[in-house]
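Take a look at this single chain in structure tokens; it is the form predicted alone.
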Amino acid sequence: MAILSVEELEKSFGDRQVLRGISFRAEEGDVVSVLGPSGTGKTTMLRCLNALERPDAGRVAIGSVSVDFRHASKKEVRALRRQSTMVFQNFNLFRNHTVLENVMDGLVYGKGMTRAEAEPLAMEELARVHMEQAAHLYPAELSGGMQQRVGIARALAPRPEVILLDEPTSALDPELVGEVLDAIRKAASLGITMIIVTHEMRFAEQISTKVLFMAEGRVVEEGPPQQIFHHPEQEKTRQFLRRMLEREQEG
């Protein structure tokens, strides 16, 4: 059963069309990696899935909530937004809140829990990403990798239908990437559907159940990782993967 369904998603900024009829589906527990050159609409697509950017047209269904963006009400958009959480490139933690408060906020304000109810759940997720010892620190006291692990714990805590991860390692120094990828692997093992925009090719091959390759605002190719990484059908996919894998080997 599809937990996420995207049909003919379109988005323009002024006269520049960024998304050109994006369609795909994800089943419960899928880990979908979204690959493609910079500037091809991957982040915009991800932000449209929970209406941080409002699409111009198309339908997004997550769990039991389905929204047609040609005539979606604010109430429908809010309901869709509650079905997913997001892990951002640049962490987006509240600077004046502690680590624990950052993770609790979604439970208190999004789920209506009391702070007493939310705290043990938040601590459980911090422990999952090995950040429980930092619960009473503030984001400025943490490394980038630690902040991103808090971001993953924050996304996990409400147990959403889908977690959206936008280049979760792109803002990190190379030596910090591994700890964040390990935290994502732990999150994926919980069976929550995840959509990950990433340039980490080897990681994507290892963790994904499905891979989308995007170019020029379209899904050019999709399939299981074995097919996309080893037997891509499209020349654009082959060229991109060759370039990216060579770059990883050089690194």
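All figures in this text were calculated on a predicted structure; none of them were measured in a lab. Note that residue numbering follows the sequence shown and begins at 1.
What comes next is about the form predicted together with a small molecule, which does not appear here.
Contact annotation for the candidate site: Phe13, Arg16 and His199 all lie close to the small molecule in the model of the complex (heavy atom within 4.5 Å). Only one listed stretch (38-46, 64-72, 24-32, 202-210) carries heavy atoms within 4.5 Å of the small molecule in the model of the complex, and that stretch is 38-46. Taking non-hydrogen atoms only, Glu101 never approaches the small molecule to within 4.5 angstroms in the model of the complex. In the model of the complex, at least one heavy atom of Glu167 sits within 4.5 Å of the small molecule.
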